Each structure stands twice: as C-alpha cells, then as structure tokens.
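The chain below stands alone, shown as structure tokens; this is the form predicted on its own.
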Amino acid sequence: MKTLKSNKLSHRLLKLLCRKEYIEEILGDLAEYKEELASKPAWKRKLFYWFHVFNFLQPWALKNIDGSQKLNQYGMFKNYFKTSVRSLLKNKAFSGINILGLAMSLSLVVLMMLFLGEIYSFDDFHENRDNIYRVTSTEVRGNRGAVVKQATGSYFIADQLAQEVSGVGEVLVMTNTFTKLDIGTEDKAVPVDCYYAGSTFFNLFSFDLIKGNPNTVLSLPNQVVLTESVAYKLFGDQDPMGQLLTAEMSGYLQNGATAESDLKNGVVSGIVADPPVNSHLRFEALISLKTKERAIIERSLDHQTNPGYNSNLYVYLVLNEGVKPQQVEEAMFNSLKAFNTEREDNPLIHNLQSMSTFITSDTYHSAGPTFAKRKLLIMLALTLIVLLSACFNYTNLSLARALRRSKEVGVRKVIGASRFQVFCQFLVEAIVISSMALIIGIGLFLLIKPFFLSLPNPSARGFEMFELAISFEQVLYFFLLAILVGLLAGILPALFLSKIQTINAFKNSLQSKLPGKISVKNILIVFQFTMSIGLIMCAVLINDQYNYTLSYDLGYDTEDILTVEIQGDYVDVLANEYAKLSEVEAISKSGWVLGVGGDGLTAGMFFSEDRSARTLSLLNQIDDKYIPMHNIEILAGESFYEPLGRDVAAYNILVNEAFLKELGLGAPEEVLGQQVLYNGEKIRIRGVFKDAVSIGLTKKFLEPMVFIQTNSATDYKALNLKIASNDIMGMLTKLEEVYAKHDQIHPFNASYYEDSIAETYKAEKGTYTIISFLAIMAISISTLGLLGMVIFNTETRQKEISIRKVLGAGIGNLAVLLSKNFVLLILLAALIAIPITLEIVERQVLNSFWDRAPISMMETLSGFFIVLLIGLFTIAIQVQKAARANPINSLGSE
C-alpha cells in the first residue's frame, strides 16, 4: 500500500513539473529503475527511487511558467537563490532571528503533523475499515434524567442486525471491557487481559491470525486464541496449538457479586500476532463468546433476548457497499419499538459509530487507547498560534528593513526587472529561510520527541499510542509545508517591495510609504504578545489548579497511609502478616481507594423502599477498620465497629448526604434504620457520613456514595496500611517480600495516598506541561521578534541617539526613548489577552473541575509581568550597547 502511495506521489510531482512531451519517457525510465531496485532493502529502495525522481527535475525537462517572460526559468530561480543566500549572509543577525524563530515553530508543526498522521492511521490495517461501524446506546438514567451514551449494544440488537436488517454483512458481539485472567498450564500462569469474542471476529477484523482457521478458532466454548507474546511466555518454543489451559479470576462484578472465570478446560485454538500500536483493540488473549453464553444459559438469564442488557457488550458490523448508516439506524429503531413502549420515559436508542472516530470520539469511549478530539483541536490551535507568531516575526522584520533594501530594488528595476520578478525574488528569499528553518526544526523535533512521548496520557490506558517516526515521504510533505510557510511569511514584504517605484527608491522617500504608527507591524507585534501573555496565564492558572487539587481537603485522613493492590483471595492472610511488622500501625481493607478510584471502582443502582426514587451510587466494600483509620466523620448513627461474621449477610450500609438528597430520604437523623433496595434486597441505613471527595475533583458525576461491610476476601482490592517508619525503602522491601509469598503471579504495587492522588491528576499535569512548553516557545519567538525590532530601531536611530548623547542625554533618557512604544504595545496586548484567557480557561480548559482554585491578581497579571520584564531586559541590552557607542562614529558619516 505504501509503495502505491509513493508511486502516485512521484508521478503527480513529475507530471506537475515536467514538460508534457517528456513525461511518458520519464515515467518509463522510472519504472525500469524501480525494477532494478527490487533486490535492495526497503529503505535503500525508497532513498534511491526518490533521488532518481528528483534527478529528472533538470532545466531541459521543466515546464515554463505561464504568463512570465520567455526567460530561462531555471536560471532565473537559480539567480534568485544565490541573491537570497548573499542577502542572508550579509544580514546575519536578522537572518538568524528569522531562521531560529521559524525553526522553533516548524519543530512543533512537524511534531503535530506526525501526531495527526498517527492518530488518523489508527485501525487502517483493517481491510473493511471504511465500512466497519459500532453500535452505540443512548438512554436516560437516574432521577435527574441524566442522558447516558455508551459505545455498547446487546445480543438482541446483534441478532436483529444479522438476521432481520438488510445491507449488513458480518456482525460481531464481544465484551467491552477486559477480563483479567491468570491463564496458564499446570506449571505456570501469566496474567493476561482477555476479551470474550464471537466467531466472526477474524472475518470482520484483519488482525494477523498466524495459526488456526479464522472461521472456527472462536466458534466453540473454551476455545482460546493467544497472542504470540503470551504463547511464548507459556509454551516457549513448543507448538501451543491444542494445548490445555487453566484460568483463574478474582474480582467482582458491578453489582457486588463475586465473579468466577467462565473459562473451564480451555484449549488453544489459534495464535494471533500482537495487535499493532495503531489498533483501538488491544488484547493478550481472545476467548470464544460461547464460553460466556454457556454460563448465561446455565444461570437461566435472559441476557440474549433482553434489549436492555446493553452495558457490557460491543456490537460491530460491516455495512455493504452503498448502504447508509441511517438506513440501519432506522431499522434498529423499529426493532426496539416494542421494548421502548414499556419505558416511554427512558427509551433506548441505538446509533452507529464509524470506525474512523473510535479513537477521537469525545462521547463514546473504548477500552483501549483514545485521544479526545477536543484535546486534539486545542493542541492544533496552539501550534498554529506559535507558527503564525514566527511568520509575523519574519513579516515584521522584513517590512522594517524595506527602507534599507529600497535601493537594491531600484537598481533591479533600472536594469529591467519587472514587478513580478522582484516579487518572486523576495518570495524565494522567504522560502529559502523557511527551508533552512525546517532543517533546524527537524533537528529540534528530534530533541523534543522523547519529552513529548514521555508526557502522561491517561487516555492511552497504559498502551503505547505514538511512535512519531519520520518516513521519507513525510520529509517531502515537510518541505512542501516549508514552502507554504515561506509564502505565508514572505508575501506581504514581497508585495510591498515589488510595488516600490524606482524614483522613490533612489530618493529614499519610502519612510512616508511605510505604514503609519498604527501599522501592520504594530498589529502583528500586539498579536504575538497577546498570544504569549495568554499562554503564560494559561500555564500559571492550570498549575495553580493542579497544586490546589493536590492540597485539597478530601474530608478524610490520608497521611502516612500506604495502599497495597490485591489481586487474589489472600487478603486476610497478608493482612495478618503485615500486622506483625513494627512499621505497620494499623490495617484496613477496601474495594477501591477513596479519592482515587481505579479499575476496581464499583457502582450500583439503589431504590427507595417504595421504589418511587432511585440513584446510581458509588459503592465501596470495606471492613470495620476502614472508617476509623481514615477518620471519616459520621453525622448520624454509627460506623461498623466489629468484624462481620463469615456466614452473616451484609445488610447494613453507611451513606453520605448526597445519597439522602438523591433519594429524598430526609435529614441524617431521620433516616437511621430506614431500608433501601439494592439488587432486589432490603438493606438498612446504619449511619450517615459527611460528604467527601469520592473519586476526584474532576469526577463529580457520581456524588452519592455508600460504604458496605463485607466478609468476602475477593471483594477487597486494596489493603490500606498506616505506616510509621523513616526507612521507606527498607519498609517497602519487607512488604514486598511478604507479598511475594502469597502472590507469585502479579507484581507488588504499593503507593502512598498522596502519590496515588497525584497520579489521578496526571492528565492535568500533562496539559500544564504542554501549555507551559508552548508558552516558552511563544515567548521565545516573541522575544526574538522584539529583539530584531529593537536592533533595527536602534540602528536606524543611531544618529538621533548620538546627537542626544552629545546634548547630555543619559542612559535613562535613551531607554525611555526606545522602549516607550514597545511598552505601550505590551500593555495593549495585556488588555486584550487577560479577559480572553480568563474566559477560555474558565469555560474550556478547567471546566472539568467542580471546585476551582481562587484566581488572585498576581496570577491574572502574571503573563503581562513576565512579558514586560523580558521585553524591558531585551531593550535594556540594546540601549546599553547604543549608549556605549562613540557618537563620533555615527555622526562622522554626515
């Protein structure tokens, strides 16, 4: 596929630039040369091939430019190139400022181009990518009428699509979340992330099945397809096909019931290559969906015929050519009419989501890596701002220097140059500068690439998403971009200089022709400083919010509490052994870590006793030590104060104030002893605790919360230890040694509460880092532009400065003279930037936080002060240089 693209690109380039009478012969020679390269490695084939393509771009083969004079165009542009290089060498300071500014911005553009290319290449290895869709569900839940949108479907709708709806090809049903299993043999086991998938998996997707029949590897219960890496871990060099597998699972479903592995006596039916980096589905093993369906049938559940069972399944389908998604959506709507008649207040609606939007969807989330479109657009906008800022630098400096180059233009016109040729000369100069900047920019990109790849990206969910590798074809696109940037930056100066009349050029009367005090260059300077001030403010406000979040009063104690992750039923034994260590003061158990959440986060639907109200609430399984250890304030009733007996059912709960409000149960003192319904069972409210941060400051969508005491070891996923030790490393080593006695499969994962909370907000930390980096780039480019303008201003006013010095002016007077205009421009930029930035930060950047850090005057003016200080420092250096110059040197030339 890449070879075909390469051919198309080279053929288009040659047809565009070469004469029509030679093109057939050139393409024929190119095809023969390509055959000669067939035996060489891929990278050599590409390199030699493209060298040969460019080698055809000789003067004899190139087209003439329509509308120009009948000159040798090759010679003309060669002359322009030489002139441009000489001009750059003659004005090293200005050339350096322009090249460096453009290089910094182009390094970002290169990064974004590669980034976008990889984002939109996700899943492009599937042959039917353009016709693959996923069923989505929309329905209303809870008393507050929350509209819930999920990328999920049901067995029911999948059967309808496969049997009743025309225009649909393959239909696939699979689970939508990982099932974590310890899969192995009698000798050893490894933890793997699995999906239960239907038999059409390999017919719909184009994953590389190395061994096994794609039609049958997932057609029977207990069939397992392993990835190459997992198969090697388990069987080494042995043939894994037909080998028997064991599977163990510990955990619980969202309704709190203990879950067991559905896989019994598994057998390896196929081997698939590890999913590529650009796949939205990542897995280490696939288990046939019939394995899970068998368990559903054994439990006499109606999941396969109930349209409402649509929370745990993906339904994929392939549309036949010419069939529109709207046709299928209408058919699905008709299929649900009978079901929706019984639930008029919250109808279930299915739609289709195209595969091209799986990664970038802001609405529907996948279990694998994602990258929100909103975040992508913000990064694109910021990159564009930095690029425009660098272009404006070039435009500003070129316009400012137009006065000095007027005689050069006059001479060219006297010897016969047309306005168009002068225009082309200055455009070529701009393109030469942008091309040189691109080369440096690619070097800068290689330096910042590791930094960018190391930034936290929680939505990647631990998977690698980007490589940012540069291909030869992409380098060509980069140079096309450099030409475009050169045209963008150089067109205004080229137009201005080409319009100069010869007589004005020699009279040196261009000052009156340059734009006035409120000029284009001043507007561009204000734009640059506005962007710099805005980005600095953004970085300051995001960092302030991040620190505010880390120090937020969660409503419970977290100091010196270490959390150990549990993945098995050994929690009681492990807790007893940890209790013997002198460094451990107290121990408690919980289903998940309060204020952090994580994979074990659970929720459940609770109803009032008369079923008149309901609420979706967070649910955390705890023991009797948890509330005292975290010092959670009980407003009414009592906490759990003794262990729950082994054979005693859990029927008491502690609820928060938000829970009472949602169910309309009344004041805390009034609800003690009242009963609510959960999973069809009546549960008594034992106590009410004060509202606290349940998950984090960015996730308040579930305010109600319930603590339930449990006696099942498999309900606990976290062991909370109160630590009293100054030897942190020694203490962790002891804990790990004890842990290893009880779990040889899973790694030891432990972290202090503060570290876990900081990890929760790593997305915000990443955003702060990116914006800070862009702010540094923007302010650097603006400072370069300011430096150029100050140098130019100082040089052109050198005689005025000298006369003032002779008449007694000091450095202070000169500083005021040279800086007052720039200070006014920075002040104007601040007036524009501050309100706009506050609005954007409030409504777009930090709108996910439900409790915001207060904004002080210092933070509001932070961008202005930083830009002003940098600007004054830059001006001061030039003023000092001008003040030390001997007036005789500048006045002697008069």
Partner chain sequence: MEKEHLGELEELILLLVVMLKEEAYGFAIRKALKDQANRTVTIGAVHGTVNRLEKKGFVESDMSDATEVRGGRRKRIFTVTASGKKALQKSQELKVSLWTQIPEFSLGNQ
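Positions refer to the first chain, counted from 1. Only a predicted model underlies this, so the values are computations on that prediction, with no experimental measurement involved. The term rigid core refers to the most C-alpha atoms you can superpose between the two forms while keeping them within 1.5 Å.
Keep in mind that the form predicted together with the partner chain is missing from the display, and what follows is about it.
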For the three residues 607, 673 and 681, verify that every one has a non-hydrogen atom within 4.5 Å of the partner chain in the model of the complex; reply yes or no.
-> no
Distance check, residue 41 to the partner chain in the model of the complex, heavy atom within 4.5 Å = no
Any non-hydrogen atom of residue 864 within 4.5 angstroms of the partner chain in the model of the complex = no
If you check in the model of the complex, is residue 11 within 4.5 Å of the partner chain, heavy atoms only?
-> yes
So in the model of the complex, does any heavy atom of residue 55 sit within 4.5 Å of the partner chain?
-> yes
Have a look at 26, 834, 62, 853 for me and say which one sits with a heavy atom within 4.5 Å of the partner chain in the model of the complex.
-> 26
Identify, from the list 840, 31, 47, 827, the residue with a heavy atom within 4.5 Å of the partner chain in the model of the complex.
-> 31
Does superposing the core leave residue 864 with a CA shift of 2 Å or more between this form and the one not shown?
-> no
Does residue 35 count as moved between this form and the one not shown, where moved means a C-alpha shift of 2 angstroms or more after fitting the rigid core?
-> yes
Under a superposition restricted to the rigid core, does residue 18 display a Cα displacement of 2 angstroms or more between this form and the one not shown?
-> yes
